[in-house]
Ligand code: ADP
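This document opens with one chain alone, in structure tokens, the form predicted on its own.
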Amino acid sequence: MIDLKKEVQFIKGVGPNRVKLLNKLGIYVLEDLITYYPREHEDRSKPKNISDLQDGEESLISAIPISRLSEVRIRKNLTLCKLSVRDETGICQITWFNQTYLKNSFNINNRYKFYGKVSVKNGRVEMQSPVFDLENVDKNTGKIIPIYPLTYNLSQNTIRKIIEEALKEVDGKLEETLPDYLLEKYNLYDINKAIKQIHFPDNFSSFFEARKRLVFEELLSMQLALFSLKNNIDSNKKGISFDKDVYMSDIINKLPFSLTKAQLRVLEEIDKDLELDKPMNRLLQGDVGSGKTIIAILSCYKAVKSGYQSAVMAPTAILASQHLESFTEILKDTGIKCELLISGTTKKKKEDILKRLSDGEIDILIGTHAILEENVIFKNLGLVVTDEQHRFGVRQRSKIVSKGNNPNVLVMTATPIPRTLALILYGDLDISIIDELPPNRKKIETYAVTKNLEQRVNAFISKNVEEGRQAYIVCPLVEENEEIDAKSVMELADNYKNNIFSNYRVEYLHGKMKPKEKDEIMERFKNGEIDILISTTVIEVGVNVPNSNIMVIENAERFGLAQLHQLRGRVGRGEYQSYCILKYQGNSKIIKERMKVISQTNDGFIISEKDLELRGSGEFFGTKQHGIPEFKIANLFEDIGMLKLVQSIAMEIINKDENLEREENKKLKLLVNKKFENRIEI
């Protein structure tokens, strides 16, 4: 049997240096390599006449050299190599940069195939840096070639050769992962054929069939895993029913603000769940600033007044501290005791909290991952709330739930996922959506600008800081990286601090800092001790700073729309008109379309739909910030039809064989177990 866990360093063509590069791509073992699917394929099998070539397209030509390769030294470290070739219809000038080793590669008596990007100007046809083969050789041309997502210093040719070697090792030896009855009923390729044809297809028809099979498997295993999870939760039938005589309206009527219709609707759904004797498992989706925290507070109030404790888990210490402030303020006259437990809590204080918690003297414990520790014992846990649920996986959620006897669970997220998609993806949760913002929230004015408006943007920031406001400046990276030409936090902070905004208090924040450092800087920003905060996306789930009214995002084209929308939500939380300025580079149609969408709408659900459409689910969910399983091949926008089909198949299978114990479903059981082993983040 083939060992799919064989380390990549033992695959032919992988040396010690390449191991590190492959690891960067998430490739560690043979299985990772054969499931590292191409992002696209180039058809290099059909030559075109030179006279038919179009400007800007990638094409294959079959031609004869009509000159020797000439070299022109442009400057130090830059040499231009030129070759003229012709076919029966015309002449093409070919150029390569710094490839002097090609000098003796071409013979005017031979015919060659060239594949590269074409430029046609004033009737003159050129091709830049093409790959090539002799007419009767099919190494770089003459077939459909896979194009892989890459990291710096790893070429397409190199990864292709490595994957070819890996495919030779597994050829015909992979164990089938789907039952025969599904392969036959849905006319699917077997696993060996699918893996071979997804990388190096004989033709595009074979590629589509291979993709269909692999997408089917990926989505089916996810759906079965989700249904199994839901059944496990539902099978613990007996839950905790809260007191019908405890009314959330007792608090609602005393609030200094009115709740929206959407908030009231969601509270009604939660209230009904909490009074049933089966555990609530509800996902609460609401855009940034839609008022999810008050829902959590009112749910916890009902739990405590029904005689149970609540746990509220947030992804960062600063967010947990902010929750403590909100909970304490709103519940101050109720006699409910709230406490904070984070990794920075002193040993003495922690011991005191743990004792009071297990004695039942603490009603609501708010904290970070620190709540998950073994020694955190509740006397009577009845409700678990996780905020920004995408930061916590299934295991973490079940760990905190196990601290009570089937407690009710409310998971909250500000990540808007289109409802149809959410219903399919969150198979184990009921869904509530807050789809309106409080009436006092001002629309955040959003502008997409190019580099030539930089000075105006800086002047605008200065004007607002002079008026007493604060600004965020967000960029994608922490330090300069050869792979991506983007501004780093360090470089940017240095320039802003010492040059552009030297009159103001400028600080920076990034994910590589210690949690304590990050919290201190956010605290100082919140307290108005910092004017301009330069940061990576660590502020995406962050603290409420009502005085900050400007969000500038550098290299906005590098972020997903849903992520830009999340970042934008950091401002607009106070009484001041707020602005989000997107600085972008590039003229591609898709970049312009995305900038237009984010500038024109503030509705997170519309934005997430558009993001899916424009970028596909690979990138949309690839950030891992959404907590949806990592898809290697499925694209939830393109494959929504397959997703619906697979969901009905999964439901049918689970209805007949709830625990996948029948002989014909043994392979499916293995697939589902593997999904859980790889940590479904939901």
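In this text, residue numbers run from 1 along the sequence as written. Everything numeric here is computed off the predicted structure, so don't read it as measured data.
In what follows, reference is made to the form predicted in complex with adenosine-5'-diphosphate, a form of this protein that is not presented.
In terms of contact with adenosine-5'-diphosphate in the predicted complex, the residue from P515, G90, G289, G344 that brings a heavy atom within 4.5 Å is G289.
Just one of R111, K117, R505, R441 comes within 4.5 Å of adenosine-5'-diphosphate in the predicted complex, counting any heavy atom, and that one is R441. Exactly one of the stretches 467-475, 253-261, 80-88, 345-353 approaches adenosine-5'-diphosphate in the predicted complex with heavy atoms within 4.5 Å, and it is 253-261. Though the partner is left out of this view, T293 does reach within 4.5 Å of adenosine-5'-diphosphate in the predicted complex, counting heavy atoms only. Shown alone here, R211 lies farther than 4.5 Å from adenosine-5'-diphosphate in the predicted complex, counting heavy atoms only. Although the partner is absent from this view, N544 contacts adenosine-5'-diphosphate in the predicted complex, with a non-hydrogen atom inside 4.5 angstroms. Not displayed here, adenosine-5'-diphosphate is approached by R573 to within 4.5 Å at the level of heavy atoms in the predicted complex.
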